[in-house]
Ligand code: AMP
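Next comes just one chain, in structure tokens: the form predicted alone.
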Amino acid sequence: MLNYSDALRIVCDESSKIETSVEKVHILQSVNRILAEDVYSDINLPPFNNSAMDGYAFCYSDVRKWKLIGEISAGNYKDYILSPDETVLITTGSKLPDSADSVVPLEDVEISDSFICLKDNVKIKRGMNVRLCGSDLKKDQVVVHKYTKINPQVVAALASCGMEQVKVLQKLKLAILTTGDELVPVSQKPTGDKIRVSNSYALSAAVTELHQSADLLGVVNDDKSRIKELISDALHKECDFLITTGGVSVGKYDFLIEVFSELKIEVRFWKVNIKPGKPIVFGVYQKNERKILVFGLPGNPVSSLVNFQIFIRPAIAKILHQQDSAKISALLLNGLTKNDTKRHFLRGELVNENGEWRATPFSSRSSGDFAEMSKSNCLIEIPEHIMNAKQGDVVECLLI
């Protein structure tokens, strides 16, 4: 049975071989998408010498008193030719006259009639309060690099470069199939030995949170032929991931390993030395140049969502050339005892107190306790060799 590190390496290695397509979207639809090209500035930024503040533009000399001969506001440029003893009122961002090279702030001068004079304690220097043409960016300089995740700040940079249409990586499509005789729709009150289906909703929400596309294939009973039919159909659709839940253990109705084999899905591993989520299956389906990553997750709600966070989320990040969410080191507030050599991923709460991260594990370790999972904001990782994590120990936490 594989350890977690080796299993994750296999997943990431396979993920790195997948190439995504590119599409153009309007800049307003580009937020949270991944830029698919380097973006260059088509102009100098700023495109002209301009004033960094409201003040008076002048040509630097020994003069401390100037005659006010006009004004320039943003977007209303006038080409004044200033002599050393002349100035114009200028507003922030306004283009500087060619004959001026400095700006003195409004608060540093006194005004008398049509003259301004520096206050006694004010010193001036050439070039003060002037933003020079191209000082932020030169024409043809890279403004935003390929594979940058687009946020409002990036949108501002793209707009400054005239990018109304933006090339981005296409969203990954993750098909999700849920299996189990015990499952009933969320709209139905379960009776007897039935439970409401939750895995498909949780996994779809996890995909959406990563700004990718989820395709719910429905819920199917533990019928091998029907499961095989649905998986076969999914493999021939346009998807990048196929995720199933349930049927990956060793019970009488756990058909997934057989179905994967019959459908020519090459299984890379089955079972990982972790808790929860040990029965996970990972495989690759390849037809011609097209490759689909296949994950068979356990049916237990917490196990399937933990598997998503520790395997599928890193796979998505790898394909999109992103760094997966960094782990946070935190002080453990409660001691923990393990009775096995698995790597544990415990639900918990991570808080920052006075600049120090602290993690509190929740008491339940049940793979079906979704109520407790809903209160968690992290997975606290306890390595295989740690049997007794003590209060005050430093642990790694994955934000969820």
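What you see is a predicted model; the values in this text were computed from it and never measured. In case it trips you up, residue 1 is the first one in the sequence shown, and so on.
The same protein also exists as the form predicted together with the named molecule; that form is not shown, yet it is the one meant from here on.
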With the partner omitted here, the residue among G283, P314, G299, P97 that in the predicted complex has a heavy atom within 4.5 Å of the named molecule is G299
Checked R196, K228, K291, H321 for heavy atoms within 4.5 Å of the named molecule in the predicted complex; positive is R196
Item to check | Contact test, all of T178, L183 and G247, partner the named molecule in the predicted complex, heavy atom 4.5 Å | outcome: yes
Within 4.5 Å of the named molecule in the predicted complex, heavy atom basis, the matching stretch of 291 to 299, 264 to 272, 86 to 94, 130 to 138 is 291 to 299
